[in-house]
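Just the one chain here, laid out as C-alpha cells, in the form predicted on its own.
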C-alpha cells in the first residue's frame, strides 16, 4: 500500500498546483477587471431604424468601397493587402460579414467617429488623424439616419450571426494585425504550401513589408497569438478583447467592437490554435491512462507473488 500512498500524494499536489496555484498566479499578474458584457455603454444608442435598401446606395455614395472590400458581393478595391497597409497602416477589413461579427452600436459610431469607437482617441487627434476618415453624410438631411441605413445594409448582406465560425470571427476581428504561427496564419492570410522556394520567399517578404506598416501604425508589431490562451486566462482575454484599455491603459490596440457571441468564437479559435492537436492528445492520454491502470494492477500482483515469502 505504500506505493499507492506515494502515488496519491503526487497526484494531490499536482492537482493543487494545476487548479489553485496557476489560476492564483494569473490573478496576481493581471488585475481583475469586470466584464461589461459587450454592452458598449459608452457608445450612443441607435435611435434610428435603418433601411437596408437605402443603406446600399448610401454605402456606395459615401465612398466606403474605396477602402473596403465586400468580397461576398464581388466588390473589391483592387488594392493588395500589403499596399493597403502601406497606405493606411493596416489592411481595412472586408465588410462582407461585418454586420454579423460586430456590434451595431459600434459599427454606427465607427462610421461617425472611428477614433472614439475604437477607443484610441489618446493616439489620434487633430495633430494625427485616424486613417479611417469620419463619415460626414452622403447628401441627405439626417446623417444619423444614413448611418443607421448603412448598418442595416451591412447586417443584411452578412451571414447569420450563428453561422459565423471561430475562424471567421478571429480572422476578421484580429487576423489583420496578429499572426498565429501554429495555424500557419499570417497577417496576409494562411501560409500556402509553395512548390518553389522563391515563391515562399516572395510571400515572406510581403509579410515583412506588411508587418513594417503595422509597426508604424501601432508603434510595435502586435504579438503572435499562438500561445496567448495558455499564457493568459480566458477572462483576461475576453475583457481585453472587449476593451483593451481596461487591461492595458494607453495601449495602441483598438477596441474591435465584436459582439459577445463573436468574442466567444475568437476565444474558441485561440483555444484551438494554442493546442491544435488537443483531440488527438486527449485520445492518446486516455489510452495511456487505461494502460497505466492495468500495468499498475498487474505490477502490484506480480510484486506480491514474487515477494510473498518475505512478507
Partner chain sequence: MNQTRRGFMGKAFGAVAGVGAVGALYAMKRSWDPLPSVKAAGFTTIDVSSCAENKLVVEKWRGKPIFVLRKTAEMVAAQDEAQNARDIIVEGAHFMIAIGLCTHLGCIPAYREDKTDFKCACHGGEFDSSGINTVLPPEKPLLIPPFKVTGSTVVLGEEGEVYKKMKESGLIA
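Numbering follows the first chain given and starts at 1. Here, rigid core means the biggest group of C-alpha atoms that superpose within 1.5 Å across both forms. In this text, all values refer to a predicted model and were calculated from it rather than measured experimentally.
Same protein, other form: the form predicted together with the partner chain, not shown, and the subject of what follows.
In the predicted bound form, at least one heavy atom of residue 195 sits within 4.5 Å of the partner chain. Residues 291, 294, 295, 298, 299, 301, 302 of 288-303 are found to place at least one heavy atom within 4.5 Å of the partner chain in the predicted bound form. In the core-superposed comparison between the shown form and the other one, residue 48 has its Cα shifted by less than 2 Å. After superposing the rigid core, the Cα of residue 66 is displaced by less than 2 Å between the shown form and the other one. After superposing the rigid core, the Cα of residue 248 is displaced by less than 2 Å between the shown form and the other one. Relative to the shown form, the CA atoms of residue 190 and residue 277 are pushed 3 Å or more farther apart in the predicted bound form. Whereas the displayed form keeps them at a certain spacing, the CA atoms of residue 280 and residue 190 lie at least 3 angstroms farther apart in the predicted bound form.
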